[in-house]
Ligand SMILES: Cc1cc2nc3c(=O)[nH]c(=O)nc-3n(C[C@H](O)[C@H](O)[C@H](O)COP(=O)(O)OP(=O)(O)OC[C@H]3O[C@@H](n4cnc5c(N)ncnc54)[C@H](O)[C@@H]3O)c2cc1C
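A single chain, nothing else alongside it, follows as structure tokens in the form predicted alone.
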Amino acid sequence: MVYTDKPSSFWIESTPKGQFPPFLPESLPDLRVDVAIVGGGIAGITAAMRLKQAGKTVAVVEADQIGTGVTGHTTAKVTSQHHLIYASLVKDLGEEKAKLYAESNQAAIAQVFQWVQTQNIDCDFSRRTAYVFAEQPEQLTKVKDEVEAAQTVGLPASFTTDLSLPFPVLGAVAFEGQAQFHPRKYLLHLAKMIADEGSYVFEQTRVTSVDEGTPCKIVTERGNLYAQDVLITTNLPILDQGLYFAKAYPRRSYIVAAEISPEQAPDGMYIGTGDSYRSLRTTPEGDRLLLLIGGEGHKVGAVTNTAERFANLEAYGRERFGITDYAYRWSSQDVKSFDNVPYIGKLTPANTHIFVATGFGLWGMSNGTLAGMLLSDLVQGKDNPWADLYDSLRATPFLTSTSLQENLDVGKRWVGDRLKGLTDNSINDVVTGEGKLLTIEGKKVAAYRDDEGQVHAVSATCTHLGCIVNWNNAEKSWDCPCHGARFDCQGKILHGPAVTPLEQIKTS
């Protein structure tokens, strides 16, 4: 199955574009602020807002537009319920650390609610109960274990069989008092509050490097600006110091959205269990209601036929809810740490003014918010009870089965992709609508032929650390299977950690 419609996020399509100017050094020569934030997603905007409220001058520097990265492609559940995580956290990290994880995520929900209330943010915020449900007996035991663990660490958790789903389930863990919202409406409101009185929000300004000093120098494609401290909140850090690309791994997941009648819509936020779990929630769109169905996750770049992933979600909607017409489809991407806890703190032991937040593990609305809260405290030298748990410099479990497998996969791809397909190919081998890896005169080429027959050819070598990209047929992009960088068919960066586009290649 091949889609003719380009995937698009409801959150982005339903909000205005181009709200903030790019950084223009000729208008703001030698610009200096207290804190520069690289990345305009929920972690960066949360940190910037709190620092602004504390009297700091800030500059948010976003490569694209505010809230159009990972935050603009999420399911936007604001919850401390992160699938079946607490039983694992209690077992692996102990009850005290699991309790801190729970408390910090509950505090993130409270922070979002506070700003929605005090700043009168129109972002479709609503309180919801969050559920993780089991349809198979083998999953029910895990659900009950999660109830016990969540209650142990003080969360509002209970076991229930009373769910408003149109299909039978065996039981679920329910978290009361959770929330959902429109993430881009929320961030745009906060960003407009940040951008005045000596503070700035810049869009369409890609940062390529940061040099620590007094002050730190933030190097962008447009020019340089300066800050006492710098926060890197770019999903996977664009700076390779700290080796976060080796301490975490990128995952993609998919979402489709369709109109549903209020009578038929489930009440609450849901996520299933097992390898093929589905995520469900509703959101208003004017006078109608949309049902969001998510799932089909995989490691970035590991799947070429991504259109099939959307088709599987649509089939689920037809079978479970009778839905036939879909208004939106999009995909999301996040980074998971090997111990399932985000990294928040100094970039490296040698850094005193550059901080980082990454590894939100597909739960960025709460983890990203608490990351912004913690970063703002760290910059100001304030004690924070969560700092040790999320310490970016903590010992990393490199020898877990997951970490070994992920890093072995990176190594195998880096070497293996260079050994296959050594014979020359021709651009003529690429048919309309297809993306294909070729070897032309000994050089790896990523070529796509559009619907008009024009070929777009770029280097197939990712500019981050040199892995070979793979084709994504639903989104017409080249995705790096090693560390998650993504590029459009003309080589433009769609997702970091790469900061340099793919080289365009002329073809005859």
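Just count from 1 along the sequence shown to find any residue number. Just so it is clear, the model here is predicted, and its values are computed rather than measured.
Keep in mind the form predicted together with the ligand is missing from the figure; the text below concerns it.
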Note to self: Considering non-hydrogen atoms and a 4.5 Å limit, which listed residue (Ala457, Val33, Val70, Ala474) is close to the ligand in the model of the complex?
What the structure shows: Val70
Next item on the list: Heavy atom within 4.5 Å of the ligand in the model of the complex: which of Lys99, Arg309, Arg128, Arg206 fits that? Just give me the one.
Entry: Arg206
Notebook entry, point to check: With the partner left out of view, is Glu146 within 4.5 angstroms of the ligand in the model of the complex by any non-hydrogen atom?
Noted result: no
Notebook entry, point to check: Using heavy atoms and a 4.5 Å limit, would one call Val499 a contact residue for the ligand in the model of the complex?
Noted result: yes
Margin query: I'd like to know whether Ile42 contacts the ligand in the model of the complex, with contact meaning heavy atoms within 4.5 angstroms.
Written below: yes
Check: Taking heavy atoms and a 4.5 Å cut-off, does Asp450 contact the ligand in the model of the complex?
Finding: no
Margin query: So if I measure heavy atom distances to the ligand in the model of the complex, which of the stretches 382-390, 108-116, 156-164, 328-336 falls within 4.5 Å?
Written below: 328-336
Note to self: Check for me whether the ligand, as it appears in the model of the complex, comes within 4.5 angstroms of all of Ser104, Gln178 and Leu190 - heavy atoms only.
What the structure shows: no
Margin query: Do any residues of 360-394 have a non-hydrogen atom within 4.5 angstroms of the ligand in the model of the complex? If so, which ones, in sequence order?
Written below: Phe360, Leu362, Trp363, Gly364, Met365, Ser366
